[in-house]
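First, one chain by itself in structure tokens, the form predicted alone.
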Amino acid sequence: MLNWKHARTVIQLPLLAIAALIVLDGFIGPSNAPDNFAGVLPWVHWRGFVVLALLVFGNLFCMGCPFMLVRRPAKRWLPARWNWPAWIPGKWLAIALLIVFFWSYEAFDLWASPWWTAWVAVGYFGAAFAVDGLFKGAAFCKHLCPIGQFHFVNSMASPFEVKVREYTTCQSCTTKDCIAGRHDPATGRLVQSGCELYLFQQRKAGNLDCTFCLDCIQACPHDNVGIIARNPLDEFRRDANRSGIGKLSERLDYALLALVLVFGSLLNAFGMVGPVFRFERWLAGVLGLESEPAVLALVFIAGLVVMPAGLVVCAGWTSHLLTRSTRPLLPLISRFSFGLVPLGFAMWVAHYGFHFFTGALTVVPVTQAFLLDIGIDLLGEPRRELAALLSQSMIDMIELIVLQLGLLATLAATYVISRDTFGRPRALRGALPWAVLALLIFIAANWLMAQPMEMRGTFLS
């Protein structure tokens, strides 16, 4: 099925229909979020399915991303001949957009406004069309998309990877269609593009920047590329020179992106519990601020930039001291930062899983209300008592297990990185400070998930 030319389109079309439904109901439907598809599907169901898909499969939602359906007409109607500007390289703009998105979500209560949610979706389609219509390759996915960056980093903990089956086959391949694209031998016309994110399969390592778009799978004339099961710890074993990325120890932008998502998992949950409201009132009084967005901006800068930077510098410096390493400190910090990704991902799974399992059935009354609004009395009156899929005790148990597994995975990843960096005799000493940091994050995550949390997207909120 994955080798079929239209496989990705078949996956994208249902998600496009759902996106259209969200936009339509967001603009013309009820303004109350739990009554509206735009208030429920993106913030309860989609986020829940995303983390579950990443956990059991990989970057499935980038594969089925409906925003990429506009790329084909964009590249036909617009020039698409510019290279991405060298003065905004890598992930720096994407990091800024991700922080702005996290801040906007809380500052403007996007989850509570179907109208704004619809505009976000429309803006996404417009941005994807404009960027990929003007720039070569998949510039929007690689350099801009906040959702894509979430998937890229957290898929480092996924059990599947797009990779080569047999490297000996690649060594004998002369056409390199996986990156160059496959052409018709008779006409020379391009019939299947290669990887638009410029990940050459023979040198590709891991899931970073991979959208599971299937282009390399379909372009390979030897059927030598596939979605293959793997041990997620393989992501951390060697500081390999990754195609399209280079060495992670030399990519400060990727390390900062990982840290924003790790600490963002805590801050995103913190914005929904009681202590944050008391803290915001205290901070506003101390600083004399009356604007909630301004107060939240300070909280997000501290929580996503200042605090992560301080903690990882302390951990890196201590690790450097304990191992008496002569390696430069900054590449050391960059490399070890990725070891925290499994624990950060576990927090995202626990948090988004909480909202999904407590609100999954809300899609039933929303569908009933929507059909009644358009004059179709097919499913009866909305059953607004429907919400939770599992009992609260079961949800609590799942959260605890997921966070514990995330901690164990981070401890294993940190040890693997330390062993590769310092050698086996100094591996435990090098990993110890990062293990302490992971334990602090784990304790904070458990405390947050134990707090009463806003039940967004349901009538219990």
Partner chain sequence: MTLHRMLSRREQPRLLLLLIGVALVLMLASMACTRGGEESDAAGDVTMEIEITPDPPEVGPAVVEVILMDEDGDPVDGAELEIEGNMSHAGMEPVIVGAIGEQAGHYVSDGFAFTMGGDWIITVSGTLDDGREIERTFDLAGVSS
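In this text the structure is predicted, and so the values were computed from the model without any measurement. Positions refer to the first chain, counted from 1.
One more form of this protein, predicted together with the partner chain, exists but is not displayed; see below.
In the model of the complex, the partner chain sits within 4.5 Å of a heavy atom belonging to L24.
Mapping the unseen interface onto this chain, V122 counts among the residues with a heavy atom inside 4.5 Å of the partner chain in the model of the complex. Contact check for G58: every heavy atom lies farther than 4.5 Å from the partner chain in the model of the complex. At the 4.5 Å threshold, heavy atoms of E250 stay clear of the partner chain in the model of the complex, well away from it. Only one of T362, S265, N207, S337 lies close to the partner chain in the model of the complex, with a heavy atom inside 4.5 Å, and it is T362. This chain appears without its partner; in the model of the complex, the one residue of F422, Y415, F67, W43 with a heavy atom within 4.5 Å of the partner chain is W43. Here the marked residues W103, F150 and D396 all miss the partner chain in the model of the complex; none has a heavy atom within 4.5 angstroms. Picking from 404 to 412, 32 to 40, 59 to 67, 427 to 435 the stretch near the partner chain in the model of the complex, with a 4.5 Å limit on heavy atoms, gives 32 to 40. In the model of the complex, G359, T362, A369, F370, D373, R384, E385, A387 are the residues of 359 to 398 with at least one heavy atom within 4.5 Å of the partner chain, listed from first to last.
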